[in-house]
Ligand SMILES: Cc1ncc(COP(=O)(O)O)c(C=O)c1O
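Consider the single chain below, provided in structure tokens and representing the form predicted alone.
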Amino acid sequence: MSNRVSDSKFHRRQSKLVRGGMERSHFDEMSESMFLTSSYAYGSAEQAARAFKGKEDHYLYSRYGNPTVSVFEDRMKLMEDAAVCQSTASGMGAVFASLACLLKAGDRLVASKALFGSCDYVCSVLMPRYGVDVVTISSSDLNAWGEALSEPTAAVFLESPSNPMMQMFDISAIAELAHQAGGRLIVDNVFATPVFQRPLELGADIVVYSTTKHIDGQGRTVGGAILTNDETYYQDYLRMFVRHTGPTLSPFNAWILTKALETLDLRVHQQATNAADVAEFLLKQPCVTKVIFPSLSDHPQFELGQKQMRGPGTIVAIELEGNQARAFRFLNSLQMIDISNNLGDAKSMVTHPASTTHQRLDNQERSLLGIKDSLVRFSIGLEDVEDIKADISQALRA
């Protein structure tokens, strides 16, 4: 028999991240329990029948639900002030499920072109294969979004800030345009993190995360999450889609992510502090022609970032003098910072988007998005910031 720890005992964010959704067994354990089970037993055939009809609350199968996964989802809901959290096996599982559950042949999807490469693939390649009419927008200009949303639309998808150029979009304004067109706005909030931006509060209908990134934040596991206050969306579209297609988060990964939430706020704030320090440092380096970071006053959407974000995030992008070969020499000269296409980790990482995360785009598409061969993206971690800067400095000299 479990003992639900009341969520009403605490109200502030950090307390929710440490204790939210916890259930203790009769052993009264301090750490959340891990239920590594695929299925569940019933006391009688009648109980099983009632459970499958939804007349009795009972776990059916871990593809449908699991106690360990439920604790993670409950804690995510408390953090985001959302009515529903549906976890998934990966961030891309969350992106695909959020769209595929809703859209059908003949529907219209309006999507930003400034997306992570796999997100763009889902929107630009997969959705049209299923008969969805897709319109992509490269600009953050509201006139362009207004024109695209001047006719009926089922869904709108964007990242803000975007990967890797940190282009920002006015979530409140685009949400209003989406609703006028009869659609739902889905926001990928990975770069901003739930610490620094709350899309549901800004008018978005659905927010998605790759929990692999900052939420785990320690390079251990893969996962995703979809959060919403739209009960109709969950009940009529998402719930049965996930149940019957199976992009299910494993209990073990859910347990790791639950424990990671305890330190999310602390980690992300320190990483953002380090990132701001690194961005200021990079502004002074002679080989660096451009620094892209939301809190820098020369960011094209600086004022919007100040308005809708509580902090700048942990990602810094730079353009170097020269071409791809020179960018590669810089990456290969780093001694502490790892070359990796991941982000949001406690360890600092660097990637070359044009040849990795966005290599599928042709030269014209990358040029339209500003992704040059000389662009390098840092994910700033928790090392001593002086060591981070020293490593970048010696690599620039090299």
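Predicted model only: the values in this text are computed from it and were never measured. Start at 1 and count along the sequence shown; that's the residue number.
Not pictured, yet referred to below: the form predicted in complex with the named molecule.
Residue-level contacts in the predicted complex: of 185, 109, 119, 249, one residue has a heavy atom within 4.5 Å of the named molecule, and it is 119. Contact with the named molecule in the predicted complex, defined as a heavy atom within 4.5 Å, holds for exactly one of 199, 217, 91, 294, namely 91. No residue in the set 272, 311 and 345 has a non-hydrogen atom no more than 4.5 Å from the named molecule in the predicted complex. Residue contact with the named molecule in the predicted complex: residue 73 places no heavy atom within 4.5 Å of it. Contact annotation: residue 213 falls within 4.5 Å of the named molecule in the predicted complex, judged by heavy atom distances.
Residue contact with the named molecule in the predicted complex: residue 178 places no heavy atom within 4.5 Å of it. The named molecule is not drawn, but in the predicted complex it has a heavy atom within 4.5 Å of residue 163. Residue heavy atoms within 4.5 Å of the named molecule in the predicted complex occur in exactly one stretch of 316 to 324, 111 to 119, 226 to 234, 283 to 291, and that stretch is 111 to 119. Residues of 187 to 201 that come within 4.5 Å of the named molecule in the predicted complex, judged by any heavy atom, are 188, 190, 191 in sequence order.
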